[in-house]
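Let's start with one chain on its own, the form predicted alone, as structure tokens.
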């Protein structure tokens, strides 16, 4: 659930509903809350989803980590972030449970779940993930709102899970922290593709070598500054031009563990990063 500093008026709620927010499937889905709706000082992320072929709006580093985990999981077929709950239902649950419904200046606010996920796993074809920092769980009001959300999905017979940073493998966190600074670096599309071809060539020639060793050798061979090649590879990984198993520490990756994105995906990822 996003921690918004600003709420919506009735008019704004109606406007968002007319815009189709919170509706649609796969590439047509529109999240209820986007990064543009939040203060600019937050650690928010716009990430191109290879499964959905659209931009996902993630409102914290933990949400980004969970999203990447979902993206890497082969059984996951759809990820809908910032999914709104039916306000009539949450109001009724609040009334019956004696918990105050979220509101601002007398206007009832729509609640949202961080991720509504569809899976090919027949044992769990749909589930909901709500992401919170563990320290937030010491706040009584936060717990109340989580309870409203939990009861909502229980009524809908959809499994609901709460995730904190403690549930995310340390390796994943390290990888994301390493990749994050390079995610927003600007680069010309033509140069991006040239770099992909260049490193793909060297990775293919040295499948069993660690990518750091390959980069060091390239720095020496071409008289580059120390770390220049690794910096470019990190940028390509952050842009998802090369994909890898997020559970493997990036510094331990061998060249054969990287997969190259298609030209179409590269172009789309580039377009999204420059929106």
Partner chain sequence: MTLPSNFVSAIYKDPGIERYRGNPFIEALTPIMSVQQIKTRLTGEIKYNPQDVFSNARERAHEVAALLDDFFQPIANHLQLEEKISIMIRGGYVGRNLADGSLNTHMQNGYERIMSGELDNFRFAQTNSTAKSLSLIGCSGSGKSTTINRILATYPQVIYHEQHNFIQLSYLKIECPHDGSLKSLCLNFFRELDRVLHTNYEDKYAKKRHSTEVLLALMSQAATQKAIGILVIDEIQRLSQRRSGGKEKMLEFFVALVNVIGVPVVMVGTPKARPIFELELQSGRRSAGFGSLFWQPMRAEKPSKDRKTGELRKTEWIAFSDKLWRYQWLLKRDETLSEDIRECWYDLSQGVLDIVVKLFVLAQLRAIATGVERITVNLLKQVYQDELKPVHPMLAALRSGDVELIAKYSDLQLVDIDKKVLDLRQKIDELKAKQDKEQPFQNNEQAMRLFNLLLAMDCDSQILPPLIERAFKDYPNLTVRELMPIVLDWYEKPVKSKTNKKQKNVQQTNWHTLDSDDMRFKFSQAKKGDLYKNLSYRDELFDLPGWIKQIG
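Whichever C-alpha set is largest while still superposing within 1.5 Å between the two forms counts as the rigid core. Positions refer to the first chain, counted from 1. Just so it is clear, the model here is predicted, and its values are computed rather than measured.
Keep in mind the form predicted in complex with its partner chain is missing from the figure; the text below concerns it.
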ask   = Looking at the partner-bound form in the predicted complex, is residue 195 within 4.5 Å of its partner chain by any heavy atom?
value = no
key: Touches its partner chain in the predicted complex: residue 35 (any heavy atom, 4.5 Å)   = no
inquiry  = At 4.5 Å between heavy atoms, is residue 154 in contact with its partner chain in the predicted complex?
reply    = yes
request  = Indicate whether its partner chain has at least one heavy atom within 4.5 Å of a heavy atom of residue 109 in the predicted complex.
outcome  = no
ask   = Using a 4.5 Å cut on heavy atoms, which of 236, 70, 214, 62 is close to its partner chain in the predicted complex?
value = 70
query = its partner chain isn't shown here, but in the predicted complex which of 47, 44, 246, 241 has a heavy atom within 4.5 Å of it?
reply = 246
ask   = For the chain shown here without its partner, which stretch in 186 to 194, 81 to 89, 162 to 170, 201 to 209 has non-hydrogen atoms within 4.5 angstroms of its partner chain in the predicted complex?
value = 162 to 170
inquiry  = Between its partner chain and 10, 17 and 126, in the predicted complex, does every residue show a non-hydrogen atom at 4.5 Å or closer?
reply    = no
inquiry  = Under the 4.5 Å heavy atom criterion, name the residues of 72 to 94 that approach its partner chain in the predicted complex, in sequence order.
reply    = 72, 73, 74, 75, 76
message = Taking the rigid core as the reference frame, tell me whether residue 175 has a CA displacement of 2 angstroms or more between this form and the one not shown.
response = yes
Residue 242: Cα shift of 2 Å or greater between this form and the one not shown (core-aligned) = yes
request  = Check residue 243 against residue 131 at the C-alpha atoms and report closer or farther in the predicted complex, compared with the shown form; the change is 3 Å or more.
outcome  = farther
key: in the predicted complex, whether the C-alpha atoms of residue 73 and residue 240 sit closer or farther than here (change of 3 Å or more)   = closer
